[in-house]
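Here's a solo chain for you in structure tokens, the form predicted on its own.
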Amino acid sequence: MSDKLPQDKKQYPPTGEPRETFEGHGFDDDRLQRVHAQLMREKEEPSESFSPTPLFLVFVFMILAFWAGVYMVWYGGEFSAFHYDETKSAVVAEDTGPREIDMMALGRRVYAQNCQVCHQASGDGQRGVYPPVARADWVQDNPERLIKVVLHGLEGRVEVNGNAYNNAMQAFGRLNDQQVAAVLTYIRTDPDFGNDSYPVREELVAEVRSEYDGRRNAWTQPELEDIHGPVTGEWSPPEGEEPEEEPDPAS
């Protein structure tokens, strides 16, 4: 008689011994505990949240943020989000004394960034909405009137060159005295605008700003006429304050 059991007897021994497979010897209590202990040593306990960031990385990030802030302060060139100031330099250079500023170039830049959207590149404005600055009686009149308008704004009905406009102009008090003087000089004297008037001094802008420093409301035409009289489009500087004429290079 053969000692070999049929295949079905091997799979299901009649005496209750385990089968001749790995499962027959793999689930006794001691072996199961050893396997679990090994898994516990090799695998971290499950967690419902992210692992905390190492303190070393937190310190590195804080140091980089502090360095970036210091760098921006020292090398930012006093950057303003409102406008580009071509008189400022992002590089700390040796102080060689006062620099001569091209007021027309600066005025052109200020106009393009702050005024052109309403008054147009040509200065003709928009009919019935925004008054022109080209060939305009307001522009060629007393510059103090214009300085007030730029610093504090203008609202209500106004009449320019005999045409009525009823809108509001925002205040541009954020511009410094040099920028205000430059942009007004630009529109009053540049041939492309067709105005034949005088440049505006930076000192005059400073005087008007100081005199009306506490004003928060926009000007109206009647208020300005009470101070300066009706707009005529004809103005000359007081005697003794005429700007010096630049010598003709061709002479």
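In this text, all values refer to a predicted model and were calculated from it rather than measured experimentally. Numbers follow the displayed sequence, beginning with 1.
There is another form of the same protein, the form predicted together with a small molecule; it is not shown, and what comes next is about it.
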query: Complete contact of Ala206, Tyr212 and Ile227 with the small molecule in the predicted complex (any heavy atom, 4.5 Å); finding: no
query: 4.5 angstroms heavy atom contact with the small molecule in the predicted complex for Ala181; finding: no
query: Gln170, heavy atom within 4.5 angstroms of the small molecule in the predicted complex; finding: yes
query: Partner contact for Val129 in the predicted complex: the small molecule, 4.5 angstroms, heavy atom; finding: yes
query: Distance check, Ala121 to the small molecule in the predicted complex, heavy atom within 4.5 Å; finding: no
